[in-house]
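The chain below stands alone and is given in structure tokens; this is the form predicted alone.
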Amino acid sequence: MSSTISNRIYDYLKDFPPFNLLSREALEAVVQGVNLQYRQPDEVIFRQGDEPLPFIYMVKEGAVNLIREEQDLTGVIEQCDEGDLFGLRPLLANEPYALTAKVVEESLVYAISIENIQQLLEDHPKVAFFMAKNFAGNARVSASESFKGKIFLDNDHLIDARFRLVEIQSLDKSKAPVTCAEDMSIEAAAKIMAQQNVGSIIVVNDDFFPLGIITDKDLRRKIATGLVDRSQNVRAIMSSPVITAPAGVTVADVQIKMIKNNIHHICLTADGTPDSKVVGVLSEHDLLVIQANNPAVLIRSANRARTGAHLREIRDRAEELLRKYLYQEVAISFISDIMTEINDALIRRSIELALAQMEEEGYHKPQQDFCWLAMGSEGREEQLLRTDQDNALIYEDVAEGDEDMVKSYYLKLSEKITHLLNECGFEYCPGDMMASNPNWCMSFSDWKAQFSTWMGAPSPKAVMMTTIFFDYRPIYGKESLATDLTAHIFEAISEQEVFLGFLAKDALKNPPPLTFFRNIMVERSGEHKNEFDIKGRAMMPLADAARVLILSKKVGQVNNTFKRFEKLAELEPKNSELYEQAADAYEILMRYRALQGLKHSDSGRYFKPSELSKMERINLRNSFQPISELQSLLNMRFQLAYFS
């Protein structure tokens, strides 16, 4: 092959996946086994059932249809255009072709020698993963753990040096543990802490297993104030049991443990449990030294905020943290955990500030307690960006005659809370599905009656309302109100099994978002003409399917969509592959939406597919595949053909 032709082939391939993942040297080796073929309209490159040829193919110009031929039925499975690979079966499975490749119009096609590519699959796992994901016209392939939820297989160039990813590095080193025996006096332990210049000491038994921990805060609160005499045994003030982690724990895991347990120190042990030897200790300060913008710092700042403007500034900083996580392809499960904890802290602080304002204005809290519920994406622990609010309030049942007074108080409180959240950047719900609406602020008995009504007479509006509320999650207040309401809902479902059928039918309202030739379906008119609605056309069909399936299993307190699919995979091993693929797809869609939102400073719901790279379009298109399979499963399981 002449160097001129080789250079032309190289220049073309380097811009298309997966060849854009290769070094120049590796791609040049591939180019040596490539030849350019002219193909006429209606020409068959290979036919279903033929023995494999020694090539895979890429369309340079024109179009090629992949067709499944079954007796009298012939159907186009996919249309390949510029930069699309096809005929991958000989590369990944030594079997006859499963589809026919037929030329649509005059086309130029690169035939790429399999011999030159096979070694690549061993040396370049990203290339192997890409090939597997696109094998045989998008046949289902479970994501490997290495690339689960990933979209930037070529992301090395995206990582900014200032965004050094410390969150997923192992913490192999920590402070040498400062310990004391369980029979030591508090005064003696405090002297050791002063001598060693540390903020904590681990109380251990004879086997050096951790029994408890004493921190500077304990000494200030319990000894300096005179509550406990310093001559007493350390057991009098130590915190126990100790929260532990293994020596090789990551910063990410430490952050989550500290946030969830509201602590500032983690004890490292040999096997990560309290029943093994202490090997180190990590403090929140240690994490601050590693990271400048720590989620725990943001949450602590939120807990001290005094105004809505201050809360907004904290959420702005959280968005920068989100940007870093997304571009470095940190696991979506970790990102959603962190952003949920930050959002929850902002909501809780908004409620505390609103309660204080009510007292200042002379409105005293009634004796009936309440619970604040997050709904929608925040209820599902998926609110990465600041979208509009979805919330509700439940208060304890009220004695006859006091209902108006109690409801009036909680409506006024809700108005203040939603106002503060709006200041923070969470816009008011355009449909007024917020606790400041009297229909979303009710007593426990009224909420029970409302759900019974919705489920007993499942009109389209009633189904829509329950769909919104089935994702609720308690954020603040008396959580047992939410727990008891959930119990009532599952009891009502048991009595109204037909309701799940209506819920399943509602989950089919959005068909898979692909046109006949597997192009991404865009809006045809209106404000978002030629844009793709990633929420309505891709995310909600998956979220709706996960919701109705998990409800049918009577599993509560699992709200997150991809965690619901993971739980379903446990409960239904025969469908585990589909559920795992759906979970992976949902993570990818969440990442895409967040990236588009950060790029355009909006909710990320609408964007133009034409602005995506070839690899991004392929990844996005592949993530749609589970939708049709899940909808077929819902159709069969709930016998939806019988629902009018």
Partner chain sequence: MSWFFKSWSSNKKNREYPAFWREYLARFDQKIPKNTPIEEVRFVVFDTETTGLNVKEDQILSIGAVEVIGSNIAIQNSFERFVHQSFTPIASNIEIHEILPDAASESQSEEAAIKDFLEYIGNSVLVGHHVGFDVAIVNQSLQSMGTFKLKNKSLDTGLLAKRVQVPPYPDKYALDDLCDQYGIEQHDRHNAAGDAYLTAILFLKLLGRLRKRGVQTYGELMKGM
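Residue numbers count along the first chain shown, from 1. For the two forms, the rigid core is made up of the largest set of C-alpha atoms that agree within 1.5 Å on superposition. Nothing here was measured: the structure is a model prediction, and the numbers come from that model.
What comes next is about the form predicted together with its partner chain, which does not appear here.
Is it the case that Val34, Lys60 and Glu106 all touch its partner chain in the predicted bound form, with a non-hydrogen atom of each within 4.5 angstroms?
Yes, all three are in contact.
Is there a heavy atom of Ser3 no more than 4.5 Å from a heavy atom of its partner chain in the predicted bound form?
Heavy-atom contact with its partner chain at 4.5 Å: present for Ser3.
Residue-level contact is defined here as any heavy atom of the residue lying within 4.5 Å of its partner chain in the predicted bound form; does Gln40 satisfy this criterion?
Contact check for Gln40: yes, within 4.5 Å of its partner chain in the predicted bound form.
For Arg637, is any heavy atom within 4.5 Å of its partner chain in the predicted bound form, or not?
Answer no; every heavy atom of Arg637 is more than 4.5 Å from its partner chain in the predicted bound form.
Report whether the minimum heavy atom distance between Leu620 and its partner chain in the predicted bound form is within 4.5 Å.
Leu620 lies outside the contact set for its partner chain.
Among 44-52, 24-32, 600-608, 573-581, which stretch has residues whose heavy atoms lie within 4.5 Å of its partner chain in the predicted bound form?
Heavy atoms within 4.5 Å of its partner chain in the predicted bound form occur in 24-32.
Give me the residue from Phe499, Tyr110, Phe334, Tyr476 that has a heavy atom within 4.5 Å of its partner chain in the predicted bound form.
Result of the distance check: Tyr110.
Could you check, with the core superposed, whether the Cα atom of Ile112 shifts 2 Å or more between this form and the one not shown?
True for Ile112: a C-alpha shift of 2 Å or more.
On a core-based superposition, does Leu500 travel 2 Å or more at its Cα between this form and the one not shown?
Leu500 C-alpha, core-superposed: shift of less than 2 Å.
Following rigid core alignment, is the displacement of the Leu353 C-alpha between this form and the one not shown equal to or greater than 2 angstroms?
Shift of 2 Å or more: no.
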